[in-house]
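Next up: just one chain, as structure tokens, the form predicted alone.
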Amino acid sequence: MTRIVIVGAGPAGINAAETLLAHGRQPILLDEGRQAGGQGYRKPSPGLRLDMNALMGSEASKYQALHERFESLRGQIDYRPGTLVWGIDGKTLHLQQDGRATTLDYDALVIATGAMDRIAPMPGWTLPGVFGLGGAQVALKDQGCFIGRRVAFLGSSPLLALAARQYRALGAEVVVIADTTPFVRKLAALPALLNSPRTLLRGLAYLGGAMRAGVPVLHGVTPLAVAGDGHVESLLIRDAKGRERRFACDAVALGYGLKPETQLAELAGAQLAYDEAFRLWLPQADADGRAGDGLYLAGDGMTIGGADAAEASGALAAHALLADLGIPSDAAAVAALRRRASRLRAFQRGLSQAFAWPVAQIRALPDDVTLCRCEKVSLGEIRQAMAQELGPTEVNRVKAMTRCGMGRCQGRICGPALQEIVAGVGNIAGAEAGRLRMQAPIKPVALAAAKAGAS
């Protein structure tokens, strides 16, 4: 019997498992989290009383339905929560499970690892009280905690309005929603955004609710600094009219959209290519998620598409796997899934225009701003290394000379901004700057587990 392993138990992974089970295949589902659902549909910690209907709003029914579907299949599959896949060697996965190092061989692998925050550094972003936008949501959903009582939301992402609504729904004060992309760019993106009118209207409703509540909603801002003595005390920005404005706050949620978690796909053999619209290196796969021999990709870990696209792509990856095993699927159902996934990904490309990655803002940052928090590498150190005679003009060489990207996060946080700095200083295209090559372990592994694995 073919051993099928799915990595990730968000919407994509759950739909892949459900589809495989419906066709007589019992997959192994590995979940880094303790509960299925991924980030967007994260469940509260056991025993925590949290009003998820208020938190999820119009998405509450979809949230509930996903978890009900998972519970119906949980006993029929091999579900392994709390399992980190930190490396791949051939067709062997290296795992850390409950602090122990183990391995797992597979014949077919579906990678549905989702996405993480994409962060652009700024003066003061290393102060305690500055969180990634997704991290602010995780604190709320998982632990029922605010990152602060007076929170500023800064960046350029549709999640700014969503997270701000969630914080307001549970009683936090939102002092500002400050978006760095000019409003005119949002208008220009409308044709692509009409690929998902329901999602567009929901986002507009979030912004409208914030404005009715008296929250300043600003577009086209320039972040100047997060200020404070040992902790966040205020956010300083320049608005679209050139005025400097300061907002007193005790926390900042910072985010510029999402970045696919592509590490495992790269280690498994998927080819990556630079995508100019997202300004990211993305794994390459066919329309159904095939990325190599026995390798299938799904969800935001392949390309950002949102929860609905993740569900469709998870089912598509499972159908592709089944087809490669000679197991027929409903052709009409597969065609419908392809159309749905394609339409929703086109919507996300519109979002990449409406909520742009701030290339010019990053390249204009002063030298004393920290770029790599893990290794405490500043932008000035990057520029100084590149300015040397025969200095590096590719990110891996810059990494070797400065240690930027060598820390605990393996460049997952600083990598996108490093790419922009290297491209800007070298006066080259983003693709020419290269990408940080991935190596195991892709995330920190407990020393006890590493020692056990070595023995």
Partner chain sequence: MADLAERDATRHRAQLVRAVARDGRAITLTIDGREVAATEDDSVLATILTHGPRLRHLEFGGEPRAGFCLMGACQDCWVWTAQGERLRACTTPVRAGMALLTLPPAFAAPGPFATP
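Quick caveat, the model's predicted, so the values are computed rather than measured. Residue numbers count along the first chain shown, from 1.
Below, we refer to the form predicted together with its partner chain, which is not included among the displayed structures.
S.K.: Since the partner isn't included here, can you check whether its partner chain sits close to all of Phe183, Ala213 and Pro216 in the predicted complex (heavy atom within 4.5 Å for each)?
M.R.: Checked in the predicted complex: no contact with its partner chain for any of the three.
S.K.: Counting non-hydrogen atoms within 4.5 angstroms of its partner chain in the predicted complex, say which of Gly134, Gly87, Gly228, Gly350 makes the cut.
M.R.: It is Gly134.
S.K.: Could you spot which one of Gly99, Gly208, Gly380, Gly144 gets a heavy atom to within 4.5 Å of its partner chain in the predicted complex?
M.R.: The option sitting close enough to the partner is Gly144.
S.K.: Tell me which of 367-375, 73-81, 292-300, 196-204 has residues with heavy atoms within 4.5 angstroms of its partner chain in the predicted complex?
M.R.: That would be 367-375.
S.K.: Within a 4.5 Å heavy atom cut-off, is Thr126 in contact with its partner chain in the predicted complex?
M.R.: Yes, Thr126 is a contact residue.
S.K.: Is Gly148 one of the residues lying within 4.5 Å of its partner chain in the predicted complex, judged by heavy atom distances?
M.R.: Residue-level check for Gly148: yes, a contact with its partner chain.
S.K.: Using 4.5 Å between non-hydrogen atoms, is Glu266 touching its partner chain in the predicted complex?
M.R.: No, no contact at 4.5 Å.
S.K.: Is it the case that Ala251, even though its partner is missing from this view, gets within 4.5 Å of its partner chain in the predicted complex, heavy atoms only?
M.R.: Yes - in the predicted complex, heavy atoms of Ala251 and its partner chain come within 4.5 Å of each other.
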